[in-house]
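What follows is one chain in structure tokens, specifically the form predicted alone.
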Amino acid sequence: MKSTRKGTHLTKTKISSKLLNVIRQNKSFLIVCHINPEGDAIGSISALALGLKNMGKKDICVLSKDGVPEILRFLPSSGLIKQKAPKKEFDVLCIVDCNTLERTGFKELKAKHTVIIDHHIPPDDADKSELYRKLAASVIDPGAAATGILIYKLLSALKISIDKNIATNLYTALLVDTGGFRYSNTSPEALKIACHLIQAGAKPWDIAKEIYDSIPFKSMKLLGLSLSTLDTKDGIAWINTSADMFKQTGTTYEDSEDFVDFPGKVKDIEVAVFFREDDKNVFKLSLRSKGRINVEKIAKSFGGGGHFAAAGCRIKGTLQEVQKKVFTEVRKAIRNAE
């Protein structure tokens, strides 16, 4: 993996023969993504499932603990994604767009072999974990703009034709994880693959309308309440969504997806933070960097993770207590970057 500057990566990911053989030599597959899935997760698992079916694999189960967000239900084959794990044992478990079993939300998934396909930084103790010791194969590249890129490369290495349905899923994965090709991870590779996906049948305008111009009214009401909390200080901009706001608008966590993008639009800040109240004295945080600050390190200090410019974590405490802890770490990171 090479980096031209912080947050912008070029990657020459190679799909190992070991991974290819695991897929070619087995018949049944269990494919799972992380909790609270977004476009990269749903697009990647759907594309992988479609690709395996095109290979002639017939026994395939696709899982998402939290189902498919309403905004992503237009994706081909997303309706086949299940929320409950079957009791049977599969030949291969594919953990996609995350790198621990805990992140899938499932305690136990039965399979003879396990593979990971992901673009997040693995935990520090990954090599010591039972999951990693028993991996049959993996492709983990934090330099890839989206896991969808890794799925594209895997399907290409398997010589599976990228049809319109696969292309639509993978283009959505790329679109979402690059912020509409605006984020610093928008590499030449990402744009080149996006071009190939369009040639294969993905419709950029149709997909963009579904992702960016089809927000439910109740979600917009929730955003309005959340934006009323907008504040900024010391190079940080933030908003929060309380449990009462969810109740008042009849919304769920799904409706607050990408809210962190809005404080991120404030001029002359370094870091944007979104505080979402998940339970009493429990907050889910999303952090975004304008390019200089490594928010993955900040999230990691609170038990979370992610990427250089986009990360998240959960913290216990009142809103004031959580904000104090987070702002202290962000200010420290900003000072160190000066």
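Quantities reported herein were computed from a predicted structural model and do not represent experimental measurements. From 1 onward, residues are counted along the sequence shown.
The same protein also has a form predicted in complex with ligand 5GP, omitted here; what follows describes it.
Student: Tell me, please, which stretch of 46-54, 265-273, 23-31, 297-305 lies within 4.5 angstroms of ligand 5GP in the predicted bound form when heavy atoms are compared?
Tutor: Answer to the contact question: 297-305.
Student: Tell me, out of V62, I293, V68, A311, which residue has a non-hydrogen atom within 4.5 angstroms of ligand 5GP in the predicted bound form.
Tutor: If I apply the 4.5 Å criterion carefully, the residue I get is A311.
Student: So in the predicted bound form, does any heavy atom of R103 sit within 4.5 Å of ligand 5GP?
Tutor: Heavy-atom contact with ligand 5GP at 4.5 Å: present for R103.
Student: Looking at the partner-bound form in the predicted bound form, is K153 within 4.5 Å of ligand 5GP by any heavy atom?
Tutor: Although ligand 5GP is absent here, K153 would stay clear of it in the predicted bound form, with no heavy atoms inside 4.5 Å.
Student: Select from 106-143 the residues with a non-hydrogen atom within 4.5 Å of ligand 5GP in the predicted bound form and write them out in sequence order.
Tutor: The stretch touches the partner through H120 alone.
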